[in-house]
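One chain is shown next in structure tokens, namely the form predicted on its own.
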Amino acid sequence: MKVMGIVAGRHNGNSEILVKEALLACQEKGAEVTLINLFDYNILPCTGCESCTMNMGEVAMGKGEYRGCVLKAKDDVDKLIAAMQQQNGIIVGVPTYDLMPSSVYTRFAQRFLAYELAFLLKIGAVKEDPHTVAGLIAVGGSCHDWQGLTLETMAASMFTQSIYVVDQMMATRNGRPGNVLLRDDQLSRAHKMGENIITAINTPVEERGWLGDPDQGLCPNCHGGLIFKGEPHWDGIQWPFECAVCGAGGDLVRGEDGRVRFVPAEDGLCRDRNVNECRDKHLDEIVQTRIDFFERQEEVQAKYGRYKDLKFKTVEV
């Protein structure tokens, strides 16, 4: 069993302490553990050049070989993701700055698309699916109200790597480095997460499920807490409400106990981002959008000049 801890906070900070505690539990169960802190590596931001997705489309049509991310020889991301794709489990600890995950984590995670595991498996660039499971730890100085987007953002970053999240925890009221050492309950919870990761690894893939707090979040599919009013998808499908994380569609229902729950519709998991085949629907959308764009190039170019030539003053530094 191989388990990697990924920390996006300062060395010896609360995120790193909790990830180390979780890794100790994995090690006690016989796992080979690795720990990386993203501050130790050169991680360039995604430039939005679309080279990876365009190249993926070409390869899918039998044209040439996949070249990967254009930045892979310029920083450390290629090696980090290659190591990550060899793990049976990962435990990610990220500090929260003003509702959201730290920028060093989002910079890393937004490079994942060029390394989409399902695609790399399909073309043989990765030989075996490790069926990786994940535990996510969000750390902040306040309560849930100031960490409300962190776990959901972290969970959303797992899909392109086909990583199945089995546990999440939010460590609150940790405003200073080492603050979590005063929270025995949070240290114990991190240790339990490590045990849950090992349990998931030792469970047949088709039988794996959520091992965290059963009441966490509103969505019963991913346990995310962000539900928004549904709107028509590109192909017309629509539900009253959707989960912003996994894409489940359904409705909000108040039970006899007075609690409001999000209940997926009969077809509500047809866009489940946890499932590779369901994510392919988004690829269909991208392809259709691209076809429409290239078919209307005369119209685009006729309007483009105005904006290309439009200049405003900037800030001199």
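What you see is a predicted model, and the numbers here were worked out from it, not measured in a lab. When you see a residue number, it is the position in the sequence shown, counting from 1.
What comes next is about the form predicted together with a small molecule, which is not displayed.
- Looking at residue 225, you'd find every heavy atom of it more than 4.5 angstroms from the small molecule in the predicted complex.
- Although the partner is absent here, residue 10 is a contact residue: one of its heavy atoms lies within 4.5 angstroms of the small molecule in the predicted complex.
- Contact annotation: residue 175 falls within 4.5 Å of the small molecule in the predicted complex, judged by heavy atom distances.
- Using a 4.5 angstroms threshold between heavy atoms, residue 139 counts as touching the small molecule in the predicted complex.
- A heavy atom within 4.5 Å of the small molecule in the predicted complex is found for one listed residue only; from 164, 241, 97, 112, this is 97.
- A single residue from the set 157, 132, 147, 168 has any heavy atom within 4.5 angstroms of the small molecule in the predicted complex; that residue is 147.
- Comparing 184-192, 80-88, 98-106, 116-124 against the small molecule in the predicted complex, the single stretch with non-hydrogen atoms within 4.5 angstroms of it is 98-106.
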